[in-house]
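Read the single chain below, which is given as structure tokens and is the form predicted on its own.
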Amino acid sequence: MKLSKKGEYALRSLIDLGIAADVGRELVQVAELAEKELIPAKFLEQIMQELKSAGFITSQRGKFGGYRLARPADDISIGEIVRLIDGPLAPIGCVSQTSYEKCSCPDEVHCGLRMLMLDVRNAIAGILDRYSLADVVDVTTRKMKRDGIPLPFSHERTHGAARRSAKEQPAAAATKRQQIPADRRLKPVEGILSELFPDYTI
């Protein structure tokens, strides 16, 4: 399984909506999400419509409208979102639990590759289905607080900040990209499992 850009953007936006709900922000506009996450706004709008059609988010029209989660964050599993956007979690069709496809192997029952890929599928599904959006939001906000970073969409982050015009947004996005270290990689102990269960090892 490889998460597509569309799947990545959907998850990042849902995490943002979860954080917004946690800090008491009722609605978030697509333009705000797109600017924060450096996502093309038109593409993000399409993704939001797909998430809305599937019942994960709801929207309110108007000048002060925007999006919010339609369900509690702890009622949305990460696996649900990935399957919606990117399809089955299985690396090959013959081990998929939701979209089985017969492969070209002459003996599926005794195929070692199939057995191995079933373990891969089960490991992926075990993690993505075990954790909810609320779990990811919780770990994200705890880590930001620990590092002294104001939470997105909070009063502390937004108070007094003037909104940038549409012409200024590309320059702002370029500046944000420059601030991210090029060689930043997560250490094995920086995953969600390690944050939720400090003694957990794979």
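Note that this is a predicted model, so its numbers are computed, not measured. Note that residue numbering begins at 1 and tracks the sequence as displayed.
Note that the form predicted in complex with the DNA isn't included here; everything after this is about it.
Though the partner is left out of this view, E37 does not reach within 4.5 Å of the DNA in the predicted bound form, counting heavy atoms only. The closest non-hydrogen atom of L151 lies beyond 4.5 Å of the DNA in the predicted bound form. E45 belongs to the set of residues with a heavy atom inside 4.5 Å of the DNA in the predicted bound form. Among heavy atoms of S59, some come within 4.5 Å of the DNA in the predicted bound form. Scanning 47-78 for heavy atoms within 4.5 Å of the DNA in the predicted bound form gives Q49, K52, S59, Q60, R61, G62, K63, F64, G65, G66, Y67 in sequence order.
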